[in-house]
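Next come structure tokens for two forms of one protein chain, structure 1 first, structure 2 second.
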Structure 1
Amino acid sequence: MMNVLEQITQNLEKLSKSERKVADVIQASPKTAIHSSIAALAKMADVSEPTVNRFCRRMDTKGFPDFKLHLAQSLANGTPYVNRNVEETDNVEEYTTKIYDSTLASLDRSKQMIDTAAINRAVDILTQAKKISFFGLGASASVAQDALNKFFRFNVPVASYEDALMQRMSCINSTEGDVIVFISHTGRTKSLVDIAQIDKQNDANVIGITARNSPLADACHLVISTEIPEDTDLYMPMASRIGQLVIIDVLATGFTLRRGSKFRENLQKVKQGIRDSRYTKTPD
């Protein structure tokens, strides 16, 4: 079912005068609401108890207790939406919690907004690629490297250069059947945009994990956006690159699923190879 707080906002018009009072009180302080009885809430809104009950039913809940349950859930999801910025005076616990919270909030937002149709098309394109390249610069370079590491296991020709010059050289010879994935949070890194345009001219398939409506996005055939509003001009990239990584995970997962079970047996062999370079779990 839908988020109750949004439900309230949307149906605000359709409510009667008294029910509206109830809505106002709840919106003003939902945290108080979930800890109040129907009598207390009725008093706060200056209406009768049945009115509160009727309000709850109008919000598609079974009654007041059920409504409180839903409200509690909305609150649990909604609390981290505030971007909690680190202050100079914060101690360890404080800045640690803030960083975790804003990462969680960003990922949650990304989850809500993600365009699965775009993901699906990207998986289509990737599975049919003759060769896959991942390009990123700065913080996105390590994301590209991570993608390389994942797709390398799939036994497809895959490349990644963190050097802008190497990237440029590799794109000169790109051709139909090649897929190049550009990773950039802002989508405004000049050299990446240049390269993407050349790739596009060479009929290579260009995918961007980047911001909508950016110069880089314009140069791509397909754009996947994390929808994470991080200002990397001012702050170090944090949540943004984590959003990119989760998209890499999703693409890699889609890739293996599309390739079928035969293919996944092969994956196990690569895994086995890695395992031999490790200490066993119970060394003593």
Structure 2
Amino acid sequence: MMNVLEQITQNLEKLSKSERKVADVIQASPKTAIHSSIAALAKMADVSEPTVNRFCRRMDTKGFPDFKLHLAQSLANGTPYVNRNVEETDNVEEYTTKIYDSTLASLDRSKQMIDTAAINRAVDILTQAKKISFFGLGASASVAQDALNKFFRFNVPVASYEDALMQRMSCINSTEGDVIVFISHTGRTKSLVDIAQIDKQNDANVIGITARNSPLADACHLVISTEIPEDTDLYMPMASRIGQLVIIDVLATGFTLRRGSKFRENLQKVKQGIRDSRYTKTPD
């Protein structure tokens, strides 16, 4: 179930201007809000007390006291901007174990929910591409770069851009036969959505590794979702980023198998060609 901090983030665009002021104060310092009276919070937000009450009811609580209770529970359940499973009092052993366990659990859920038909279709599209580009911003940019490293050796033109202007210029020049893979956990980044729409207009194939039913998903021909529920507006991207990397590995593996044994022999030559760049492995 979504906690109240996540609920605030999800509903920001629906709030009135004065309610948004209340949200801003609470998000800036939730602990202060918990220990404040309604009068004190209203003063900090420069709004009236009825506005604070109205905001609280918007968050599906009965009023300010009930809202503070839910807010306290949200903070107990996780530390914002770190990991939703981590608590302030965790020691190094506890938060290390929690992050490993939550990531493994998220990947297992993703494995159960993955749409293999979408994976198969994506591999079909990628193996027939004249050119492949991977686009990501923020945390997803590192995933796009990893995809570039994987596909670079596949004997097909490939590029990766993490700058919105470069992405836009690349898409303006896209044509039929080009494939652009957009990577975004939320699918709500405006510039990526705009650029994906340009690609569709130019008849390029647009694949999204993103959230289902998101604006970006609507702009793509094909969507692959990790199905990992992680609010990256509030928490640092962790399990969601790992899920994206696994999907890239799955697509790269499918690409390799689909191209056949001769293609794999060429990959082996690439591996041999860079062998001299490494020191010889010595026994422990």
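Take the two forms, find the largest set of C-alpha atoms that superpose within 1.5 Å, and that set is the rigid core. Computed from a predicted model, the values in this text were never measured in an experiment. Please note that residue numbering is based on structure 1, beginning with 1 at the start of its sequence.
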Exercise for review: Looking at the two shown chains, say which is the form predicted alone.
Suggested key: 2
Review point. By how many angstrom is the CA atom of Cys56 displaced between structure 1 and structure 2 after fitting on the core?
Key: 48.2
